[in-house]
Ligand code: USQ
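Take a look at this one chain, the form predicted alone, written out in structure tokens.
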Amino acid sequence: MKVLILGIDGYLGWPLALRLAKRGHEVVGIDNLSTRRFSEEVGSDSAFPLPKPEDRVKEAKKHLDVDITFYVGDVTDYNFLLDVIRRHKPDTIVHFAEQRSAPYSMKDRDHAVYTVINNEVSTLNLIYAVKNVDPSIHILKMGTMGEYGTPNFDIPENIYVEAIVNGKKDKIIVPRKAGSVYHWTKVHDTDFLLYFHELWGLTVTDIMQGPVYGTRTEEIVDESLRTRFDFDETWGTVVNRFCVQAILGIPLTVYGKGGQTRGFISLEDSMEALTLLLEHPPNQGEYRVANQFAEIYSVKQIAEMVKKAGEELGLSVEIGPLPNPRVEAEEHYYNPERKVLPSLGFYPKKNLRDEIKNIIKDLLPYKERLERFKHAILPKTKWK
């Protein structure tokens, strides 16, 4: 299989490239390196130093004996994207090339506008490029469970649901209520892909993934192969952020009541799930939704697990509730369906309790580096 990964330099993009290449697939990637720049913009950086793109490719060859083609470019440049697709003729295109931070999208008008333009233009460019080169190409889009918000119903693993509105029965798109400008762009991605799927018969896998945590995959066998690891208030996901806070002696930043509940998945299990979805594509012309998570926890439960793991490793860890800078339900019902991945044989290898210890162990040698960015950890971005 020939795979084009848009966003190959990212937290998920790089380990997916290593996984697929190691499994014998031909891997081509594009990235504009924006997350590196945006991390610097907020006064932070990856916990693990990242080699330059050309060095990443060399290290992958050295340690894994794989060949990866890495283009530095922007998929909002339609002609550039079209040229790469025409040149390589991929079987599948993985779409990770978006501004992925909710806080970044909520900083001010400029960041909101950038997020909308970058994310929607990249998606529309991909759709039109696939239509013009080969409509049979499988598009795998990284969505988010955050598209749905926290509804008081079981979140189905379908794009449509039957509903009764004012006494009339109809089939409607599953209701969604995003909680940031970033999350609304993901909703719009879904709407665009669904519309053009129905118009042109595009083949789509729409992954609704929960927050990812972790530092390790099977292919990361050397420090030079590390993927980026963000921990600041803008780019760090909650588990990864808490682990760094535990190392630096910062009280764990539980927002509000801490009852915010989500479905989480380890980095290793995310790679396994993505690989299964790529190697087992939907039927031609099918729109497939996959809810991708492994365990469901509240923020408060995660904080307690990080505190326990940290203390077992000799750290002094405190939990410091903070006023919630976001506008979100802090206590709510949460029950998404998960059928597609189990039907493909997916079974999580990792669990959060064990992986928290591994994350902390992997980060401890970088404590001095983490200290340099301590000022970027506490929340500064407010929704209101």
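Note that this is a predicted model, so its numbers are computed, not measured. In this text, residue numbers run from 1 along the sequence as written.
If you look for the form predicted together with this ligand, you will not find it shown, but the lines that follow are about it.
Picking from 126-134, 281-289, 268-276, 175-183 the stretch near this ligand in the predicted bound form, with a 4.5 Å limit on heavy atoms, gives 175-183. Remark: P211 counts among the residues lining this ligand in the predicted bound form, judged by a heavy atom distance of 4.5 Å or less. Although the partner is absent here, I250 lies well away from this ligand in the predicted bound form, with no heavy atom inside 4.5 Å. Put simply, V116 is far from this ligand in the predicted bound form: not one heavy atom of it is within 4.5 Å. Contact check for R100: a heavy atom falls within 4.5 Å of this ligand in the predicted bound form. The contact residue chosen from K307, K107, R262, H197 relative to this ligand in the predicted bound form is R262, the criterion being a non-hydrogen atom within 4.5 angstroms. The partner is absent here; in the predicted bound form, the one residue of L202, V75, I93, M145 having a heavy atom within 4.5 Å of this ligand is M145. Contact check at 4.5 Å (heavy atoms) against this ligand in the predicted bound form: all three of R241, V299 and R326 pass.
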